[in-house]
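Okay, so here's just one chain, in structure tokens, the form predicted on its own.
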């Protein structure tokens, strides 16, 4: 297939074909066989009348390897770090040998040589000056997406597709917060208008790495683990895409974690709110922040399986449908710690809650669930790294108790708050299980509670059996469901 055949294909109305962003996860580009599957998926999108734009993660396990490289260098083990880096370079070189012919193979060898040399220089700096770790870590870890996107662009060309590589650091503009940078949407839109949109308008297929970006001054940044999904949504928003497709190794969101519930099944459709709740509370299909640019632009997101490209997957959009069963999925998150602050003389005082949450903000620790009583506040965190310092600071506000070893369980579904008897059915299925904390009310789409981590698998299985292991539920628009419930 040539660039001419793609660029000359208008849609049925004679207008430019819609842009579709295809984001591929690490397992989807894990090896040459996987990359050839990607080429067929991209080809199908182009032949189907769309203009594909491709965003890719690093090859599977490469980001972990690069983080290991940084850790070794900080510890002073530069030779060991270089050995790990050399292994990653050779993995890419071996993949290129299968995918590319000359001169593309030589072109990629030059990219590998430059990446290897840059990392070698950075490792020496990190080992001598550990204070540079965060900024230089971004430079080093970014090589995963840098290499994968270069290799994928060349392999698409080898398959006859008119692909061109885009340095994501030129178009994903962020603030200066290393390892968890915040994107700047206006600057991103301007960069895409300059560097990407003209070629895409001509039928060229842009390929860029996810997860990475740069500051206004050109310093490399990363968006945090899982940030390639976020990149895909940012690209879709910048280009006004008709759809954002997240290609991974599962066929969409499931009714529960299949590692816990073998009977879990794919959910055909979710609202933005439902998907965001599931992503945040443990579903590993989608990075929680991915949904935000899509919501802002009203762009549908579809979760697809690169190993089963014909599977329907899950579509996420602004349609709000209520399941006849009351919930659509059960998510869970392990490794949760409960923090309780008792302050009988202070809870009613002006500014108490502000002071409490300011402690967590200062230590950059997110809170999942909050529950209050007349004399105490209980909340959960899933990152215990800063808890010793947090506990010390909270001591100025009251008596602090910290208990680890819990898990969050979240039942998700549109209209859950207005579905009569749903809480009774949920907790009725869990008789004999101790519930440590319950939260409902902040969202109409979830009921969240905390149980001991040792009980969580049993809880999820019992809930799934109660709600899903029966004839498949039907769905209805939210307004109609509300009308029926009032009748």
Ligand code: ASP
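Residue numbers count along the first chain shown, from 1. If you're wondering where the values come from, they're calculated on a predicted model, not measured in any experiment.
There is another form of the same protein, the form predicted in complex with aspartic acid (ASP); it is not shown, and what comes next is about it.
Peer 1: Partner absent here, but in the predicted bound form, which of 112 to 120, 226 to 234, 306 to 314, 169 to 177 has residues with a heavy atom within 4.5 Å of aspartic acid (ASP)?
Peer 2: Of the stretches listed, the one contacting the partner is 226 to 234.
Peer 1: Does residue 58 reach aspartic acid (ASP) in the predicted bound form if we count a contact as any heavy atom within 4.5 Å?
Peer 2: Because a heavy atom of residue 58 falls inside 4.5 Å of aspartic acid (ASP) in the predicted bound form, the answer is yes.
Peer 1: For residue 247, is any heavy atom within 4.5 Å of aspartic acid (ASP) in the predicted bound form, or not?
Peer 2: Output for residue 247 is no: heavy atoms all beyond 4.5 Å of aspartic acid (ASP).
Peer 1: Using heavy atoms and a 4.5 Å limit, would one call residue 63 a contact residue for aspartic acid (ASP) in the predicted bound form?
Peer 2: Flag for residue 63 set to yes.
Peer 1: Considering only 132 to 156, what residues come within 4.5 Å of aspartic acid (ASP) in the predicted bound form, judged by heavy atoms?
Peer 2: Read in sequence order, the lone residue that approaches aspartic acid (ASP) (within 4.5 Å, in the predicted bound form) is 145.
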